[in-house]
Structure formats: structure tokens, C-alpha cells
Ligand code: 1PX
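Form predicted alone, single chain, as C-alpha cells, below.
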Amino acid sequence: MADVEGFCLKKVLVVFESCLTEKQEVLMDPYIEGWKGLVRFLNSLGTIFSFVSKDAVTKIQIMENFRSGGQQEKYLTVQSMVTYELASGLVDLKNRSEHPNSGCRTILRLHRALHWLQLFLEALRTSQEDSKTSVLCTDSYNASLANYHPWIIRKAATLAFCALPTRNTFLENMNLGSPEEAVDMLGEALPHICKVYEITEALYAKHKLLDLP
């Protein structure tokens, strides 16, 4: 694993706590900041997760451009983005043609990757000390992101996961203290990510956007 000195996953995960408004809308800026932190976390693990982190960096840049562009107020929340882009015909619903980098499509890709990380970290939190990290990661991947990746990426990913360290070593390298302290912190932070995921999932399901090309 790469050196993670000075990196703390807790600071990343708590950002997602600030994503939700009182109306349970997902604020775009903290969502983007949270993903920047997750990219740092993935990169700290070496090249194993580069197939996700590199794509996430591209998606983050797209969303930052929307937030600094002429229609930035339309992208204040995920909800306002969906409303604006659908009303303006800016989403390719069947074929990826005129609007391949729409905000709706871009957030959907990050949303799917967030689900995988959520499942993986939750599996780490609830697993036994002798559980194999590679198996936990593979199972989480197969239950989420793998459904949207071609065979060659799925094969490369599952092979890369075999290089993951033991569960306790992985938890220690999160810079959260002991494995026990890491488990406790994940228990506090993951519900916030889960809530953000669930609200986004429900929003996309409502507007039939979960299968955007």
C-alpha cells in the first residue's frame, strides 16, 4: 500500500454529513468535496483502485465546471440539477449523443461508485478479524459497480483486489487509530454516506434516470 501519512479517512467521511439540507436535498459542493477526499483515499491505497479514482477525477471536474459556470445556481443541489436538466432537455435518456457529460449522467457514475465504497467499508466494519479484505472488496464490487463494467475491467479489478492487505492492516492504514477505533468511526460516519446514497437513488428512480447511457 502507498504511504498514507497525514491522511485520515474520517475527515473525508464526515464531509458527507454536511451534504444534506433540512429539506433532505443533496448539496453539490460538499458532495464534490467528499468525492475529492475519497479519491485521495483510493490513491493512498496504490494503483489497485485507479480504475475508479481516475474516472472519478474526470467526473469531479465536470461537476466543478457546472458549479462555476453561467448556470451554477441550477447545480446547487442534486435535486435542482435534475429538475433543470430534464426541463431543459439536457439529458440523453436513451442514447449517449448530444449531452454525454450532462450533470445527471456524471453524478450517476459517481453515485454508483459511492455505493461500492459504502458496501466495502461497511463490510470491513462488520466482518471478522480474519476476514479476507480481497473477498470483502470483490463481493462489494460484484454487488454494485461490476454491473456497469465490461468483462475486461471486471477481470482486472478482481485480480487487483487480491493484492489488498489483511483486514486489520487495511483498517490501521486509514489513520483512524487502532482497528477497533477505525470500526467505531466507520459506524458513526457510514450512515451519512448511506443517507446521501439513498436520497440520490430515490431521486433518480423517481425520474427514471438510473439507467442513463
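This one's a predicted model, so the numbers in the text were calculated from it and none came from an experiment. The first residue of the sequence shown is number 1, and the count goes up from there.
This protein has a second form, the form predicted together with the named molecule, left out of what is shown; the following refers to that one.
Proximity of residue 109 to the named molecule in the predicted complex falls within the 4.5 Å heavy atom cutoff. When contacts are judged by a 4.5 Å heavy atom cut-off, residue 45 counts as touching the named molecule in the predicted complex. Using a 4.5 angstroms threshold between heavy atoms, residue 56 counts as touching the named molecule in the predicted complex. Using a 4.5 Å cutoff between non-hydrogen atoms, residue 161 counts as a contact of the named molecule in the predicted complex. Heavy atoms within 4.5 Å of the named molecule in the predicted complex are found in one stretch of 177 to 185, 25 to 33, 161 to 169, 66 to 74, which is 161 to 169. For the three marked residues, 78, 104 and 203, no heavy atom of any sits within 4.5 Å of the named molecule in the predicted complex. If you take 36 to 53 and check each residue for a heavy atom within 4.5 Å of the named molecule in the predicted complex, you get 38, 41, 42, 45, 49, 51, 52, in sequence order.
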